[in-house]
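This document starts with one chain, in the form predicted on its own, laid out as structure tokens.
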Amino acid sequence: MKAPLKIGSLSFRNRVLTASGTFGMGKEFSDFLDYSQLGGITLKTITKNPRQGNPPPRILETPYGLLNSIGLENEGFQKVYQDLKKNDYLRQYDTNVIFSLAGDSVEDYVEMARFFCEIEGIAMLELNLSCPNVHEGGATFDSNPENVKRIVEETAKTVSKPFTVKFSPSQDFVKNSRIAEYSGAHAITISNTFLGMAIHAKTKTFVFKNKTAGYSGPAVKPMALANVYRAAQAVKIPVIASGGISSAEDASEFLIAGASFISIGTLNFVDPGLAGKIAKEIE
């Protein structure tokens, strides 16, 4: 708990955030949780072009976690940006709003970051580099260290607001974290979901059309905890921890491991008010 409650020049009320992909666009949880109890909320990832997402089934609950193959369904950069220009409802939330972005190219990240920085209600950005790069055969952006360097450098030159960089646990996140810090990132987020799969044994068919899916929830906590520790040892900028946090004790473990902030993800679906409860218990 020794790290300051700041990312870049941005101050936070406390160390508890919500994770992108589990909190919608803010409106969905407003009836269940007082956002002023939190350090910040991270909205779902917006892409340059609209995406319909993957065909159903998209979610499968397991005994200790959740498999998801959503496919980043969203209305796309232009629609979301224009709507916020007309009605910046994010300003009403008494907390730091973190806006998550994913592009199809290096240039997409920089362009979207520049435009969304115009929105007053957005306090900070998240560059989600754990998404597929369509120009490199579908590999994630963070699978190529040069992509990490270019995206972070160009974003740092372009935007005035702080930003974090979200990595995949399937890539060399320690190396990528160092590159992000050197290239101008204000924080790193460790990490996105782990690779998982589900099969129908009786029919010998895959549950998801893409065969693999993202795995999250309490079962990934030990691995996420080790990853956060490794990343925190490698960089001096704040580490935002994500992965299986379901209690104040879990959150405390991540802070002891070196995280500056913790984010609640999958367990938001189980208890929409959990992030507020954890913030209160930690304090």
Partner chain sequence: MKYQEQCEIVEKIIDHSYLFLKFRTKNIAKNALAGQFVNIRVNNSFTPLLRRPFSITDTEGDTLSLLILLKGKGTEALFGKKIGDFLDIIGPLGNSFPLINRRAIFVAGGVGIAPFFFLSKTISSGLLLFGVKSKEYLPELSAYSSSFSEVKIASEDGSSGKKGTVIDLLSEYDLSDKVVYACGPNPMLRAVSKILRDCAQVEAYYSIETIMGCGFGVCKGCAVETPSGQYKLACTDGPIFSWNEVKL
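Everything numeric here is computed off the predicted structure, so don't read it as measured data. Residue numbers count along the first chain shown, from 1.
Note that the form predicted together with its partner chain isn't included here; everything after this is about it.
With the partner omitted from this view, the residue of A234, A248, M223, I59 that lies near its partner chain in the model of the complex is I59 [heavy atom within 4.5 Å].
Comment: 70-78 is the region of 70-78, 108-116, 163-171, 147-155 lying near its partner chain in the model of the complex, near meaning a non-hydrogen atom within 4.5 Å. Remark: F12 does not count among the residues lining its partner chain in the model of the complex, judged by a heavy atom distance of 4.5 Å or less.
Its partner chain in the model of the complex comes within 4.5 Å of a heavy atom belonging to Q52. At the 4.5 Å threshold, heavy atoms of D34 stay clear of its partner chain in the model of the complex, well away from it. When its partner chain is considered in the model of the complex, L66 lines it closely, a heavy atom lying within 4.5 Å. Applying a 4.5 Å heavy atom cutoff to its partner chain in the model of the complex picks out T266, L267, N268, F269, V270, D271, P272, G273 from 259-275, in order along the sequence.
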